[in-house]
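Below, in C-alpha cells: the form predicted on its own, a single chain.
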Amino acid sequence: MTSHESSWWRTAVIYQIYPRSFADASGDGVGDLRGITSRLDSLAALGIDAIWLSPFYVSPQKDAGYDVADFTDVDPLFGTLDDFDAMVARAHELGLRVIVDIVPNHSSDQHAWFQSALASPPGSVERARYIFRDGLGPDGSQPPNNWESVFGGPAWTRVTEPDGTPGQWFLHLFDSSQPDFDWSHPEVLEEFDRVLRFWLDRGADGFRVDVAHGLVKADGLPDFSYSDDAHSMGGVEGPSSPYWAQDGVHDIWRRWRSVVNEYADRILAAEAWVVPLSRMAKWVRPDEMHQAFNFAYLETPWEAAALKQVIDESLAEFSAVGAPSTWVLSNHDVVRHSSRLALTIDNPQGHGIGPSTTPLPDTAVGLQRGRAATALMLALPGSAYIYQGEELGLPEAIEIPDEARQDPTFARTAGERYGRDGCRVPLPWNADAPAYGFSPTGDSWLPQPEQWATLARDQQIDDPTSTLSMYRLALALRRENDLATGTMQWIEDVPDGVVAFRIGDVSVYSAVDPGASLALPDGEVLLSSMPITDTIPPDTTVWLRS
C-alpha cells in the first residue's frame, strides 16, 4: 500500500556526515557510529533537519567504504547494527531524520557474489550478475573496450580463471576492487529491493543514491573517451557517454520509488552528475527520486551573472517536474567551497589540490567568499545540503604528506591528481583536546592541520562573529521566515556584479564580482556574512527585512 508523503524533504537542510571523519568514540583514529551519536546534540543545535551518512557497511575500505562487501551489515570499523539502531533512535528523539548512503553501481571484490563469480566459469549464472567480457585480440589480452576508470587507468581488469589460465575481464568504472553490477540481471534488481527494505525497516528515512546516473551501460559497450580535463563523474557537455545517464536507469528508479512508497515519509536523493539541468530534472520526476543534488550550482563560479543564470534555470527546470531545487556547495568528493571559490585555476571534480598546486587559494579570500556563498544559498527556496565542517569554515587540507594520502585516485594516477583526501580530514571539536576532540587517543586516519585548532567548534560556539554562529543564525532565520517555501523575485535595481532577490519581506544582497559593492539599503539587518558599515563590500552577503 502506498503511504501518504509529507513534504519535509522539499525544504529540509540535510547535513552530510562522513563517518570516518566525524567523531571517533573507540579511539582507533577512525570515526564511528557511537561517535556520531555522541555529537548529535551539536547538530540539532545547529538547526538542521536531517543527517546523511556516507557508507558504514562491511567493506575492505579500498575506497573509504564505497566498496561494499555486505550491504546489510555495519563494518566493525564503525560499530554494529545495534550502534546503528541507537544512533537512529537518538536522532529521531532530537527531531532529526536519518538518510543512509547506498551504492548500487558496484560492490567490493570481496562481496560473496563476486567471489562466487571468480570461482565460476565464463557464462555462469554467478558471472552474469557482473559485467564480464572476453578480451580482444587473438589471445584475449586486450581489454574489451577503451573505457577509463573514474580514478584513472583502465576500467577493466583481467581475472585468472580457476584453472590458473588468463581469463575474462570485468568492468569497474571505479577502482579495480569495485566491480560493476549488471543491472539487466533480475537477481541484482531483487537483491537491492531487499537491501532497501532492510534499512527502511530499521528506521532509515531514505537513501542518498551513489552514482545515480550510472548502473546502465549502452548495448555493445562501445569505445568512448572524455577529454583530459573532463570531470571524473561525467556531467560534461558533449557526446553522450555509454556508461553515464542511460535512459534505462529511470526504470530502476521507478522500481525503487515504489519500494520507498511502501513506507511513510521516506525519500531518495540522487547523486547524478548530469547536464544540462533540464536533463538532470528527469531524475526527480514524480515517480522517480525526490531530490537530486544541484551540481550545476555547486560548480558555478563566483560570478554574479553565472549565479543568476543557474538559479533561474534551476528553479524553472526542477519546478517543471514538481521537485524542489536541492542546493549544495560542498561534499566529500569536491574541494571545500571555502577554498574552491578562491581558486584561480581550473580544478575538475575529483582532481583535488595539494602542495604543488599553483597558485594555491588565498585562505582569507576563500573563507570570505565561502561565507558569502553559504549565506546566499541558504536564502534560496528549496532544500539544501551542508557538508560536515563547512559550518566551521574549514578550508581544504592541502599539506597532506604523500604517504598519508588514501584516495585511490592519488595512487591510480601516480600522484598526478591529489584526489579527495583534502576535504575528508577529521573534524576539530575542541582546540585543546587530543586530535582536536575527534578521537580520545589523538589518533586520526588523516593528519589534521595545526591551524585547525583555531577553527575548532569550542572556539566558535560563543563567538557571534564566527562561521558557526553565522550558520546557526542563517538556519534559524531561514526557518522563521519560511524562505524555503517562498517565491523568489529578483531585485533588478542594483549595481553590476551584485546578486539580489526578495522572498516575502526578506531581501538578500550579495556583492559577488571583484570590486562590486553597494550602499546598504534601508531595512533591519538580519544577517551579514562579514562585518558591514553603511556599505556591503565585495564577497559579502546581507539579509535585510524591508
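The shown structure was predicted, so the numbers you read here are calculated from the model rather than taken from an experiment. Just count from 1 along the sequence shown to find any residue number.
FYI, the form predicted in complex with a small molecule isn't displayed, but the following is about it.
**Student:** Which residue, R424, R97, R417, R371, is the contact with the small molecule in the predicted complex, using a 4.5 Å heavy atom cutoff?
**Tutor:** Only one listed residue qualifies here, and that residue is R424.
**Student:** Considering the small molecule in the predicted complex, which of R472, H185, H332, K308 comes within 4.5 Å of it through any heavy atom?
**Tutor:** Answer to the contact question: H332.
**Student:** Taking 4.5 angstroms as the heavy atom distance cut-off, pick the stretch from 137 to 145, 190 to 198, 332 to 340, 450 to 458 that is near the small molecule in the predicted complex.
**Tutor:** In short, 332 to 340.
**Student:** Are any of the heavy atoms in Y66 no more than 4.5 Å from a heavy atom of the small molecule in the predicted complex?
**Tutor:** Yes - in the predicted complex, heavy atoms of Y66 and the small molecule come within 4.5 Å of each other.
**Student:** Considering non-hydrogen atoms and a 4.5 Å limit, does the small molecule approach F174 in the predicted complex?
**Tutor:** Yes, F174 sits close enough to the small molecule in the predicted complex that at least one of its heavy atoms falls within 4.5 Å.
**Student:** I'd like to know whether Q178 contacts the small molecule in the predicted complex, with contact meaning heavy atoms within 4.5 angstroms.
**Tutor:** Close contact exists here: in the predicted complex, Q178 approaches the small molecule to within 4.5 Å, heavy atoms only.
**Student:** Determine whether any heavy atom of E288 comes within 4.5 Å of a heavy atom of the small molecule in the predicted complex, and answer yes or no.
**Tutor:** No, E288 is distant from the partner.
**Student:** For the small molecule, considered in the predicted complex: do all three of F151, R208 and V211 come within 4.5 Å of it, counting heavy atoms only?
**Tutor:** Contact check passed for all of F151, R208 and V211.
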